[in-house]
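Next up: just one chain, as structure tokens, the form predicted on its own.
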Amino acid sequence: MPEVTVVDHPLVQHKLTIMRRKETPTGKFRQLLRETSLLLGYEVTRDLPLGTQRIETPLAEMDAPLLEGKKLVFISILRAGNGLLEGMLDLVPSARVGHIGLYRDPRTLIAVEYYFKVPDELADRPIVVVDPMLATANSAVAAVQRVKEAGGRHIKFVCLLAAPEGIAAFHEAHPDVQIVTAAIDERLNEHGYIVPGLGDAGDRLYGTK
């Protein structure tokens, strides 16, 4: 599939399997999601621009690589996106952070926005939008559209799991946005959940139903 990167690293797949298990408790699920998001963050940031700076090591001077340009922005789709956000911030603690509040109407499955707050000057910043599940893609499509309306241009989307239907819908709306995920599952069920999936990521993250 175009513009989809599946991170098949053994540690990512191992942690994902434990998260899928229905008996995995909330605390363990939260810990594993944070750890996995750091590993996904490593992949999604691999093309950040680098410059050089003259430094002095204990032995010699050298031209050493450092990140350059405007600071990276992570944008979390509330509420489950915060589970990925925390691990990403462990990796890049200086990043700017935005939040988009969306909920899925249970009848129509359409995303309804209730909150939007993002950093300034998005046009010049690399942006990573995060949400654990790309199921129907309604929330992801709406979130990325809002980011674009706010000026965002260099956007990637990171999720833990994706369904083929969600990938197709997302790329129909945003063919320019790369998806980075840990796995592409089989399908969606009649309720719009990913199968085999891992259930509702927000509920499993926060211990709600």
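Because the structure is predicted, anything quoted here is derived from the model rather than measured. When you see a residue number, it is the position in the sequence shown, counting from 1.
Unshown form predicted together with a small molecule; subsequent notes refer to it.
Looking at the small molecule in the predicted bound form, residues L102, A137 and G202 each place a heavy atom within 4.5 Å of it. Heavy atoms of L78 reach within 4.5 Å of the small molecule in the predicted bound form, making it an interface residue.
Although the partner is absent here, L84 lies well away from the small molecule in the predicted bound form, with no heavy atom inside 4.5 Å. At a distance threshold of 4.5 angstroms between non-hydrogen atoms, V129 is out of contact with the small molecule in the predicted bound form. Contact check for M88: every heavy atom lies farther than 4.5 Å from the small molecule in the predicted bound form. None of 121-129, 103-111, 89-97, 67-75 except one has non-hydrogen atoms within 4.5 angstroms of the small molecule in the predicted bound form; the exception is 103-111.
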